[in-house]
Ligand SMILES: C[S@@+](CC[C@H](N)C(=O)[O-])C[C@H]1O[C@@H](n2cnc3c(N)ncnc32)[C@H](O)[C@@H]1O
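Below sits a lone chain in structure tokens, taken as the form predicted alone.
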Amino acid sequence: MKKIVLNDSESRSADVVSENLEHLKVLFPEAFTEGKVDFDVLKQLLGGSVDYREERYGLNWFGKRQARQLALTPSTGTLRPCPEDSVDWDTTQNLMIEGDNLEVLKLLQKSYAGKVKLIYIDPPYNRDGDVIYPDDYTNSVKNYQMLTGQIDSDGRKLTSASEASGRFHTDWMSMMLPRLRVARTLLRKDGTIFVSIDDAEIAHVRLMMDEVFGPENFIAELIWEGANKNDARQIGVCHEYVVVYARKRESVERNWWLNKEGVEPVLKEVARLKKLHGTDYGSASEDLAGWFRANKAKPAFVNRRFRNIDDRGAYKEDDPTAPGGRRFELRNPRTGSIIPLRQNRGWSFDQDQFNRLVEEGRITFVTETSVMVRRYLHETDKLTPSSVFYQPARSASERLSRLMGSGVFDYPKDETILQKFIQMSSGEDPSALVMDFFAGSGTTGHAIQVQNALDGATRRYILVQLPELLDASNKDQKAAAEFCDKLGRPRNIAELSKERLRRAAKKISDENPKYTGDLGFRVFRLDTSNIRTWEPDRNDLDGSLLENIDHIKSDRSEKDILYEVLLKLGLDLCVPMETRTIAGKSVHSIGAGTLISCLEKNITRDEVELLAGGIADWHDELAPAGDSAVVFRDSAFEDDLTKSNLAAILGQRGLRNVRSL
């Protein structure tokens, strides 16, 4: 039975460097000597593809090498479950994770690599006052705990990259680069990433994204126009950018689309009128025209030309000719007479297509020689997204103020725009996984809740937010800090994110009482590993030895340990879990038997046979498709013989991957 210790691969996040070396070894085995890369040989094998120039095109800054290395350094942290902060813990598939997003992204690699369909992030814009994460290369989990007030710090704080520091851009880029690199590994081949940014860093974002994702995977640079501030001296900047890249562009859906605004209410009204009037389409059309007149102030009114109803649905009569169309003698298939073509126009179909449209009842003969074509609303309810769109920022702020109270969040992103990004990029996948690791006010989670309620999809989200402390003495944070006080929750931004998700879910549920979709989320918090490290107290060595008899930290629960094992073995944090009592011990099955765990504190020699036999019987009953891992608490065994006997019995029953921690 192999014991899992802190520096084992099973106790750390994915080791990207080792994986890269293994890939390289498969491609170029002759470039390895005694386990090390011989770059002279590798350069020869790559031939003319190696760039030997000292001066080359690219983005460089002081600290880039360390930032790149930071992305490759595995994390030994863990994510501790917080059911008490969650909503619908037992059934939800959504995640809200509190912690430094770089560490969290690393920890998620084993479980979610290649599974995320869309990443949307709205990082700090690097304006004066925006926070920069001062990543600690040596111990980033400890650094995170200092930032959030969990342990005494040495005065280190979240700092702004002010221009006076002399590193206005470099600090920000060193923060962003490792996060983008790790995020890329989480995207599916057909996945995309949307990054919101403004003028301060747009040029650098494009160059960084080219480096991380490849310029060939650039999709678009969107312009998000908001309200024009009339206080500029030269040019009033009233827009931001959203940069869009693919993991692998050729794998992304070729056609992106959005539902036209106001279509859904029209289709619902048409369905009601058809049920009311049956085949009396004249009366149904009259009522529909009246409905449009009564809804002049609503988005549905833009579709008012679709005021006629037939057996197919709502339609409009359209001119079948256009400049530059096909010029030929079109004949009425019923009479054989020629239908004259207006000057400088051409038909939008050929004769065969026209005949088929007539047969299908899609052509209206105004006269024997004058025709109109029927365009149906449900067949033209989608449009290709534009690279420029307008949405005033104040509308999102007003909606969030109604939901959370005034002043709790400044400049929240608009959930209606994010709904469009989600609809565009998730394509035909109704269960797409969406991630936002700069979650802020929780807009992305809110957008998914609303969009799922609208179209009946089952998209999931993973949100990550640093629990940045709020200061009530700071006038910009006073309202938010007081809001947390009213909730009886700690003063930090992650608490605001969670509360928004709860309130948005309640609003959706109240407005859609028949909706049964997933409006919950599981909360996890970043922390140091549950596995104890050897850190002796020089003043109390005997006490340190006694404390380290148990390999697991004394303040950690069974659920803490269980989820660390699950995470480090690469299982989904929302995977189904079942518990049974076997030989008087609690045994957990995760992922229908993919992982079986018994973390009881005492297992005696007399209990081994019943316990091992019961676990093996349950495993046979579950019949998982692949190999299963079985994990025990190392200190639980009465002695080494007890441990080896249990491993031997399980091995005889086909369970050979048995571990202890």
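Here the structure is a predicted model, which means the values were calculated and not measured. For every residue, the number given is its place in the sequence shown, counted from 1.
One more form of this protein should be noted, the form predicted in complex with this ligand, which is absent from this view; the next part is about it.
Colleague: Do residue 306 and this ligand share at least one heavy atom pair within 4.5 Å in the predicted bound form?
Modeller: Taking the distances in the predicted bound form, the answer for residue 306 is no, it never comes within 4.5 Å of this ligand.
Colleague: Looking at the partner-bound form in the predicted bound form, is residue 122 within 4.5 Å of this ligand by any heavy atom?
Modeller: Because a heavy atom of residue 122 falls inside 4.5 Å of this ligand in the predicted bound form, the answer is yes.
Colleague: Can you check whether residue 564 is within 4.5 Å of this ligand in the predicted bound form, heavy atom basis?
Modeller: Looking in the predicted bound form, residue contacts with this ligand do not include residue 564, since no heavy atom lies within 4.5 Å.
Colleague: According to a 4.5 angstroms non-hydrogen atom cut-off, is residue 210 in contact with this ligand in the predicted bound form?
Modeller: Residue 210: no, not in contact with this ligand in the predicted bound form.
Colleague: Exactly one stretch in 245-253, 97-105, 445-453, 326-334 has heavy atoms within 4.5 Å of this ligand in the predicted bound form; which is it?
Modeller: Going through the listed ranges, the match is 97-105.
Colleague: Taking 4.5 Å between heavy atoms as the contact cutoff, choose which of 180, 432, 571, 493 touches this ligand in the predicted bound form.
Modeller: Selected option: 493.
Colleague: Within 4.5 Å, heavy atoms only, which of 459, 413, 498, 522 is in contact with this ligand in the predicted bound form?
Modeller: Selected option: 413.
Colleague: Counting only heavy atoms, which residues in 423-458 are within 4.5 Å of this ligand in the predicted bound form?
Modeller: 437, 438, 439, 440, 441, 442, 443 sit within 4.5 Å of the partner.
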